[in-house]
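Before any questions on binding or motion, here is one chain by itself as structure tokens, the form predicted alone.
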């Protein structure tokens, strides 16, 4: 498998996970951008514990843990630490309004960025490099193929979990909070516990995506924390459709792939491209391309013949 194709596929899978991480808290009306900070935190932890190094003159001053943890251990570490951070923060903002959650998310993002940029052990603004391959002993091509399989395995695993959640009582409760919080409270739904659950899951999912991103690029730097990535994930969520988990599966491959095939002279305009797409979809179709009514119509269309009673349409006279 070529490096270009494997990078496209792995980043697509990772960005699907990232978009789902924003989708989960938004099930109850909260935009939780802390998952971007969790991505970077888990990536730095993975770099430190896997044996990555910093560059240039900072090497002599950097802390070298010499642990060389395998991929699976760094993955578990990133998910657990990110989930724990998300849970601790959710104790304060589990039932906060959307605007407050956004502000806390941004504050945490730029706090993480400031710490990374001013910590020699993390390579400051240059970050950390030479992350070991996901499986030592395999060729570069084999490692790329294995990483693609791992990324899409987690897409399937997380997608199945979200599907089960959406169909459960908890998923219906989250939808009730999104529609009318006061009504949800009157029905006995604990909004704070629901928010804590979804924010913790979002943070853990961000940690998972961060470690996969680290092993894809084999490097990490504070530059990942930008408004560009916030806007990118928001565009993928709202264009695909924020009312269902299936939207990102359509939007991410397209929105991530189109700028890659643009002429080099147009690459600088890709942020404008995303902004125009987002504004257009919010004005013309606020719920996104894939909505629940659309899924119901498709389901009825596909299974129409099976739902027909036996003998229907026949002349019985």
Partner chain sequence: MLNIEILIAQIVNGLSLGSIYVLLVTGFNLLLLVAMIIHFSFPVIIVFSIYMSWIVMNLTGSLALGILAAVASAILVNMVSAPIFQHIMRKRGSVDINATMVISMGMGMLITEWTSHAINNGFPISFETEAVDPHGWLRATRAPFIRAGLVSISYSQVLTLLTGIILVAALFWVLYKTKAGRAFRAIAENPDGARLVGIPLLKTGVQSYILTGILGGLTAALMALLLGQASPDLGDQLGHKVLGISIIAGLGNLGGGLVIALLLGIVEAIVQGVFSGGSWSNTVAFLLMLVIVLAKPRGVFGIKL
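Numbering follows the first chain given and starts at 1. This is a predicted model, so every value here is computed, not measured.
The same protein also exists as the form predicted together with its partner chain; that form is not shown, yet it is the one meant from here on.
Put simply, residue 279 is close to its partner chain in the predicted complex: some heavy atom of it is within 4.5 Å. Contact check for residue 33: a non-hydrogen atom falls within 4.5 Å of its partner chain in the predicted complex.
Contact annotation for residue 271: at least one heavy atom lies within 4.5 Å of its partner chain in the predicted complex. Interface residue remark: residue 283 is counted as part of the site for its partner chain in the predicted complex, having a heavy atom within 4.5 Å.
Contact here is defined as any heavy atom lying within 4.5 Å of its partner chain in the predicted complex, and by that definition each of 29, 95 and 102 is a contact residue. Residues within 4.5 angstroms of its partner chain in the predicted complex, judged by any non-hydrogen atom, belong to 226 to 234 and to none of the other stretches in 206 to 214, 226 to 234, 72 to 80, 148 to 156. Scanning 107, 170, 135, 185 against its partner chain in the predicted complex with a 4.5 Å heavy atom cut-off leaves one residue, 107.
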